[in-house]
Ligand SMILES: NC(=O)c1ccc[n+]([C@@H]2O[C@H](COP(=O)([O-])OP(=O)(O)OC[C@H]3O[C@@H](n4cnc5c(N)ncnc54)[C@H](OP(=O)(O)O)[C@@H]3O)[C@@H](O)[C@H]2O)c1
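Before any questions on how it binds or moves, here is one chain, the form predicted alone, in structure tokens.
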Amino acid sequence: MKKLLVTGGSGFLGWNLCGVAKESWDVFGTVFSHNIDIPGCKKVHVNITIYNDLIKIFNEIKPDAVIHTAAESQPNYCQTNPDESYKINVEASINLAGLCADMNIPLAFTSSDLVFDGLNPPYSEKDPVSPVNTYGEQKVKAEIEILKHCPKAAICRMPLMFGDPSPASNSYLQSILSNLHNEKYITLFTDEYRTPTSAYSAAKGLLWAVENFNGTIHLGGKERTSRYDFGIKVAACCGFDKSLIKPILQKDISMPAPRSPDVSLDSSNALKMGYSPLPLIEEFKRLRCVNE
């Protein structure tokens, strides 16, 4: 089988991606701060922010394709640690693009819906970027530089994602389920809208993109929902008490990073080309958290 290098193999998206990709690729997943095994895949321990180390693993593995999921993806952290997060979110991404161009192999880069300000949704690939926080700015910078260095790269803008956790990283679904299971109250935004999808569907989209697409593509889910409404759907599907979920507004919580109100993605281009994320209820069934 062809060799696929997945950066961020211990992270939530990278872990799920490796699990899906191993069915049709010889998968190499990078790990660093969380040195864990990746079932069915080959683990590569490397700090991808060190360029010489990247060159070494490219020379050793000789991958046929790369999907770059490794990132500092917490907006609040990026806002308060811009220099540290820039190293992985931008510099490492540029270096990976250059190496892929040198080897003439495809690259899929996981960008974010947070490249938009949330004022004019839903957003298509043609809409101008307008980030409101450091994380979004770093993703925009990485997008631009990657396409300069590797014009055949696929820039995949990802939505809010949920699904099975890795041993080192949960999705926000686990926090909702844990609190509801323990009958603890949780607060969720009623005025922050996204087009969420599962890491499983996202992985399918990324594997399609790395082999079939170059340029910028949106891989959002089919349903626009607020975080609050998402939580209510989870509670209803899983048989938990919906009254445990309390509505809250973005302005009620003080956080370092500004938040966009509605970064719903228009993913119609990807859908026309075969990307097929499951409806939320079907995702919940697949994750076995539905009370049937």
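Quick caveat, the model's predicted, so the values are computed rather than measured. From 1 onward, residues are counted along the sequence shown.
What comes next is about the form predicted together with the ligand, which does not appear here.
Among the residues Ala65, Ile57, Val31, Cys237, the one placing a heavy atom within 4.5 Å of the ligand in the predicted complex is Val31. When the ligand is considered in the predicted complex, only one residue from Pro159, Gly205, Gly163, Gly136 comes within 4.5 Å through any heavy atom, namely Pro159. The stretch in contact with the ligand in the predicted complex, judged by heavy atoms within 4.5 Å, is 108-116, chosen from 124-132, 216-224, 108-116, 141-149.
Residue contact with the ligand in the predicted complex: Ser169 places a heavy atom within 4.5 Å of it.
In the predicted complex, the ligand lies within 4.5 Å of some heavy atom of Ile48.
In the predicted complex, the ligand lies within 4.5 Å of some heavy atom of Ala70. Among heavy atoms of Pro277, none comes within 4.5 Å of the ligand in the predicted complex.
Heavy atoms closer than or equal to 4.5 Å to the ligand in the predicted complex belong, across 1-17, to the residues Gly8, Gly9, Ser10, Gly11, Phe12, Leu13, Gly14, ordered by sequence position.
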